[in-house]
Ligand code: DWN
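Next up is one chain by itself, shown in structure tokens, the form predicted on its own.
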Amino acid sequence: MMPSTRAPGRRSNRKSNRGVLSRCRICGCQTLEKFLSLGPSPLANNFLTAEQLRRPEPYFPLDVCFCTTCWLVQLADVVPPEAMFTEYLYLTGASQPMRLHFAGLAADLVERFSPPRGGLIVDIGSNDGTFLEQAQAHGLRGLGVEPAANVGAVAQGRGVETFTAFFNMEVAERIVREKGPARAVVATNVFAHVHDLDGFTAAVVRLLAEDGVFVIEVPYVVDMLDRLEFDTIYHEHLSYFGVRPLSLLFERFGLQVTHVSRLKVHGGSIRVYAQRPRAPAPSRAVSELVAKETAQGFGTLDTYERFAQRVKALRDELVGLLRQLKAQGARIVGYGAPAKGNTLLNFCKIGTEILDYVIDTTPFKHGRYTPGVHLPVLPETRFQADRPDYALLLAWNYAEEILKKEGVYRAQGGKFIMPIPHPAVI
């Protein structure tokens, strides 16, 4: 199988080393059932320059499977990570809610585990160093591992030491050799990106001190289905985790899940703590969430097939609403240019015939075009000066903050369109 490429007026094929999954990433079995296809899709963070618009754009299948043995939800197709993460156009620090979130994570680590002053904290997929800045403010020693050189350079400029690399056993060995073992290894919104979960977890175990803790944050599959958050699905996110499959994975590497916290961030996530069994017994939250996943049918294929049906109904309802407003002469723009928004735009085929442009706070995206539908990305000052009739809230996970921020726009008659979980005009 090959990716397709799309250019104005034509499509063609080219060779790729993209892989197609035949076995589950966690249990290795072949009991994978495809339940949703979002069609050929471009890479969600591949924002294009004007010059790149003239070239064919690669598209990859976006098919989602369920493992009936361990319950892991996962993509069938694997895009080489070098195609997605060598240059990255998302900056954690560009979002005030995310800055506050990572300040809370740093404080939580210190309160729960009391690492000694100067203890090593390694952040895998450290982006611009926002979390490690907060950890260092607590007297901890931070080290980032970040494959995207452009955002790693931002972190270095902020005083956060960063290795430019994809994390693996070789990197773990280097860190232990040069810095010593880590009191905590953190991977926020990274673990879902990993194809070789066994190799990654083994490298984390090598890096951890005997009394260390591994902390991950991932979108929670329960929230994704309950809230119809299909736009969480894109090629970077290879896995969509529940607590049960994570527990099974970690147990194979001598770790146990000791606590799980549910978070509002990114539309509903879980923060998972894993330690060697000498740690305190797991909290009740772990068994309670596994029981909840079981009782609500997250181990049955029917649950996921119903989700797929609801996704298609949502698409039809949203496109119908937008076309109706456009037919009435309304001017509509997109608010936010997150990766999730590009899944929504491409699956629903919402392009320049409906939206004039999208705005975003990330400077790296300004002057570029969204993948697939090629909407221009402009700074938020354009939105404030332009005052369109409607704004499609692509960054709906920050809805509360955005609605407060744009109080003047709303007071002057501007309206937001919330696409998830049901299209609604606010």
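Residue numbers run from 1 along the displayed sequence. Predicted model only: the values in this text are computed from it and were never measured.
There is another form of this protein, the form predicted in complex with this ligand, and it is not shown here; the text below is about that form.
This chain lacks the partner; the member of E236, D223, E133, E293 within 4.5 angstroms of this ligand in the model of the complex by a non-hydrogen atom is E236.
Proximity to this ligand in the model of the complex holds for none of L21, F66 and L75, with the criterion being a heavy atom within 4.5 Å. Comparing 109 to 117, 133 to 141, 171 to 179, 339 to 347 against this ligand in the model of the complex, the single stretch with non-hydrogen atoms within 4.5 angstroms of it is 339 to 347. Mapping the unseen interface onto this chain, D389 falls outside it, with no heavy atom inside 4.5 Å of this ligand in the model of the complex. A residue is said to contact a partner when one of its heavy atoms sits within 4.5 Å of a partner heavy atom; K365 meets this definition for this ligand in the model of the complex. Taking the partner from the other structure, this ligand in the model of the complex has no heavy atom within 4.5 Å of any heavy atom of H259.
Looking at Y398, you'd find a heavy atom of it within 4.5 angstroms of this ligand in the model of the complex. Residues of 360 to 393 lying near this ligand in the model of the complex, listed in sequence order, are D360, T361, T362, K365, E380, the criterion being any heavy atom within 4.5 Å.
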